[in-house]
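Next up: just one chain, as structure tokens, the form predicted on its own.
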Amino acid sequence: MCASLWDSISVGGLELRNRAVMPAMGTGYATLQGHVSDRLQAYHRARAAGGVGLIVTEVCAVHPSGRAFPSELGIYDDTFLHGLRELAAAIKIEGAGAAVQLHHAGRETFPSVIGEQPLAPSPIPSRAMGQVPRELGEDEIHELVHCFAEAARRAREAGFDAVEIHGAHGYLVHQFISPYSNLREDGYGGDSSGRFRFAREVVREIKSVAGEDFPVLFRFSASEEMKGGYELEYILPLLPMLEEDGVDAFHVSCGIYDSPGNPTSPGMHHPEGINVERAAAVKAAVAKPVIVAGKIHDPRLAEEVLRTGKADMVAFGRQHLCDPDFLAKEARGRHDDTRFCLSCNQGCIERLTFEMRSTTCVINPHCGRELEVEQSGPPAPGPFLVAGAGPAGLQAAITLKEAGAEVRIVEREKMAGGQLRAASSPPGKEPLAAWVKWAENRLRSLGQEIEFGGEANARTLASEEWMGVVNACGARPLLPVLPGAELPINLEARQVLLGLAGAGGDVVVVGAGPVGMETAHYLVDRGCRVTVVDGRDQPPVSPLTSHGYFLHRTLRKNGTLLLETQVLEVGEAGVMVMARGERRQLRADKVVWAVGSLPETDIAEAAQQAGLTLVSAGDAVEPRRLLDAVHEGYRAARQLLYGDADHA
């Protein structure tokens, strides 16, 4: 029977209003002691109010040794119950079902987080963390099985409707399942039956302690997506066993943190719905409902998945960070109003993992600031001038208009987007252009137009009694000062990405930062032979991120990256470089420069001379990531409206 996203569904007796799931995503919003905070409650309440059927909390540690990061939620002691009760109530009062994700990191953590050597089925370090774990003894394994069950009991006592066992992404339950991480020869290893034992015991013990009628979901990686890892055929036989043991729904993901390109949070270069066919195979093997996760942002894609019977429920993860109300908008026929996730990972998983900072969303600066918005006082009415309609200026103008202020936006170019116009050209980056279009539409819906083709200058500043000015004029590219810089062989990266200058044949790209690497990707995609040179000794773009991995992989296959290499001069046939102390000639038909930019300061200087309140944002301060530009635009607007300090 064909299903719709809007149909209700029963999971182990739990009735859900629709088939949309918000899966577990780490936020860092809990306290350092692992307790629920007001910030976490407000964040979840906003997502529940958006219309989702089921919310699964982020990872919740069943034992102190299982925390993956300092502010991970805890459920290993009754002292956590008070906050968990409040969290469950905050979700359920808005009509969504509430589940706790039970978690133990195993080897995927650090001694600095848990205060001891990480634990695992076998003493094999993960490549991602690099920590050598201690092998668990059988008595410790039995204790951890009991800890999962006691955590489920607490979840039920706190008012949650269900629990989800995190058996995916290389955490402890997954470590037992996988021959990649479990080399034991006792009853918890040796063959697939032994490796499956821990997961099965956890399910059975939860049902015994928390109640046979308490729903249990099981999230797992259908494929490890790496050399030496298992594929779907390996894990499929486990699922009917878990169904017998009491699992009420299966949640299909893929990958582990060692997997190249991080398919656990599929980035810009992964296809949409990467797990849909895997979910279809799982659905054919089990009778219980199947949830599919993995780069599904658009409800129309979810409807197709359900209509064709490839899953019973669809998980929208990062889309819930980007636009908590997207389901409500879709239900009302307002698809074009939705702000869609970029799959960039910059503000969510990578911020939490690599920067150890709390999660947000690159293009939704409200994410994680729900309390801040709730507690705002009356805004200043304006008028405000926003100089520039790049990402910082667009977001500043949206924030000002949403507060009801009078705004004027002036952009020197003939279209909005600033550097995003060029940044959206490389393969996989097209969603950036879609966000610019969304931002323009949002401003129009608020009754605000952008003035194109005009310069914000001293005359503009004198035209009204401005309450404040946002300087979002961006930056201009840096160009080299060296012999041969005047030759026509030289191009600037943005010229190339915007199609204003052609490049073919052999191309040398100078600068291995994001602009240089993405320009290289763009050129490789058009058949060029590309060499990227950079004076630094390490790649500025990390290959550990999803986007960075694909950029480096593309260049390895179709070009060359030369580090510790400086351009000495440019000639008609290429460049002379100093590569690790040796002079070399690199042949090139074109030399493309991507070596940074300088902030535009004219409007800032004019505003200061006029005695106006001015806040600069984005590249007008210094070259920025998209995350920084959008969030600075938001904070600049709030500073003018409310005098806010930064609550990031």
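Counting begins at 1, following the sequence as shown. Source: prediction; values computed, not measured.
There is another form of the same protein, the form predicted in complex with a small molecule; it is not shown, and what comes next is about it.
Exactly one of the stretches 391-399, 86-94, 302-310, 196-204 approaches the small molecule in the predicted complex with heavy atoms within 4.5 Å, and it is 391-399.
Between the small molecule and the residues 507, 242, 120, 456, the one pair within 4.5 Å by heavy atoms in the predicted complex involves 456.
Only one of 74, 368, 417, 106 lies close to the small molecule in the predicted complex, with a heavy atom inside 4.5 Å, and it is 417. Taking the partner from the other structure, the small molecule in the predicted complex has a heavy atom within 4.5 Å of a heavy atom of residue 429. Contact annotation: residue 19 falls outside 4.5 Å of the small molecule in the predicted complex, judged by heavy atom distances. Looking at residue 158, you'd find every heavy atom of it more than 4.5 angstroms from the small molecule in the predicted complex.
Although the partner is absent here, residue 638 sits far enough away that none of its heavy atoms falls within 4.5 Å of the small molecule in the predicted complex.
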